[in-house]
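In structure tokens, the next block holds one chain alone, the form predicted alone.
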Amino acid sequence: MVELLPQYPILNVPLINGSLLIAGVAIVHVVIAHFAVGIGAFNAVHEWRANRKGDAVMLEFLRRNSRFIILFPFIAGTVTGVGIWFSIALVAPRVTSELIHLFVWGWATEWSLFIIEIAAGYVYYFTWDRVSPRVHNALGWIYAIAAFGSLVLINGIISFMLTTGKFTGIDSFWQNLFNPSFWPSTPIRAVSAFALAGIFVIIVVNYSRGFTQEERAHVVRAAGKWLIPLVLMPPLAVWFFRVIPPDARGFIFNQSAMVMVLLFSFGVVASILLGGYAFFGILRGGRYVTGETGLLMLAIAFIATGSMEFVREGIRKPYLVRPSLVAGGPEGIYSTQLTPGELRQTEAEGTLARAHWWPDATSSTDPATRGRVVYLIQCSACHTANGAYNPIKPLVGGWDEQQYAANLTNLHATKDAMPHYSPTERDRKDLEAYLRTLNPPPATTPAPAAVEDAGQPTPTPRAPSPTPRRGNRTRH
């Protein structure tokens, strides 16, 4: 661990906050990436079955679907993947650096698998009818296995942030990668990937020309089977919550965090409904799913996936990397990118003691100027000053001096999501001065200046002259 932040300047994203910026890019990428994984398995499995059964309709659809793969997930997934690296490097450079150094060989392996996945996908598309069916199907399996391996490695690194292992040391790599929450979260992501593949197949076949209604129904029935595993989401979720730390689990089942409860409930219920509809409607009921219905299913799946990703990120609070589950392991890294030990150091020395990126502000004589730097370091990771996401302005709008003193010193005691931060007296007063600028008192109109008595008699006001009314004029 490096000594103390801020070693990097802090990116203060107005209105939406840096964490919401990452979430927005990441959720879109997760949906696309999961689809890319699931569709590889779908094409490989159904090409194998179609070759055995002589299913010309399915083979023709898979040919067209392979073109959709290189046009949509390969391009959009790559762009959003770069967007994730760009946003996390700006918003959370400390944690990004730590994860790269800790899992350097894991990242190298994942990037290698990604290259294999992309190359196999392009070769798979361009070799239809140019190689034997057996060789072509093998190319599909290479793509599917590489894509799934990429998912496994990335999930291991992401789940490590919630249930850490030894954290340091070459011998701890596998323990960190295959951490406790890795095991339930990997099948959860696999089920999501298969379901998204099925939904996209329903959409693609409906908007592809040249298929009859019966041929489309044949492909839709095959796609519906890939949504059925969604009914496994509840037991997988139970398994997941049994292995995570109790305080993280409390964010879901604590009534004070109703947003988390609602998002989690929606994700589970939406998964059950989609899986149930696929089984009872598509497979048992023989219902035909139109393209518009497929788009509606995709919207529900997108919101459900986003909800579960939001929950996964939220239950790590107040940490970005939670403390090690191994006795004597590292303390973790707070959402402010400070370790608990470093935060205690800022409590002793003051937040601005090593705020090297703001020399003019830290040496300023204006408390509000210094307080803004305290806000950027200690608060801006999770709050906007006056934006759309978690704004501080309405929270402190009614505070008086006594409330500022009590709340700024003891917020961690009442808010589980807040790091344990007890500011120095100067930090507290500087932060209070800045927060007061968010709710300035209303401007008052100055009273008219009094006329000084200069010894002159006060003039008696004259009565106004009567104004003649029109129609009552005297004629001469």
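Keep in mind that what you see is a predicted model, and the values were worked out from it rather than measured. One-based numbering along the sequence shown.
Heads up, the form predicted in complex with a small molecule isn't pictured, but that's what we're talking about next.
*Asks:* When the small molecule is placed as it is in the model of the complex, which of 87 to 95, 152 to 160, 71 to 79, 312 to 320 ends up with heavy atoms within 4.5 Å of it?
*Replies:* Only one stretch qualifies here: 312 to 320.
*Asks:* Answer yes if any heavy atom of Thr362 is within 4.5 Å of a heavy atom of the small molecule in the model of the complex; otherwise answer no.
*Replies:* Although the small molecule is absent here, Thr362 would stay clear of it in the model of the complex, with no heavy atoms inside 4.5 Å.
*Asks:* Might Phe61 be said to contact the small molecule in the model of the complex, defining contact as any heavy atom within 4.5 Å?
*Replies:* Heavy-atom contact with the small molecule at 4.5 Å: absent for Phe61.
*Asks:* Against the small molecule in the model of the complex, would Asn390 count as a contact residue? Criterion: heavy atoms within 4.5 Å.
*Replies:* Result yes; Asn390 sits at the interface with the small molecule in the model of the complex.
*Asks:* Should Ser185 be classed as touching the small molecule in the model of the complex when contacts are defined as heavy atoms within 4.5 Å?
*Replies:* No, no contact at 4.5 Å.
*Asks:* Counting heavy atoms only and using a 4.5 Å cut-off, do His383, Leu411 and Ala417 all touch the small molecule in the model of the complex?
*Replies:* Yes, the whole candidate spot contacts the small molecule.
*Asks:* Have a look at Leu113, Ala120, Val396, Leu263 for me and say which one sits with a heavy atom within 4.5 Å of the small molecule in the model of the complex.
*Replies:* By the 4.5 Å heavy-atom cutoff, the listed residue in contact is Val396.
*Asks:* Just give me the single entry in Gln378, Thr339, Thr305, Thr164 that has a non-hydrogen atom within 4.5 angstroms of the small molecule in the model of the complex.
*Replies:* When the small molecule is considered in the model of the complex, the option within 4.5 Å is Gln378.
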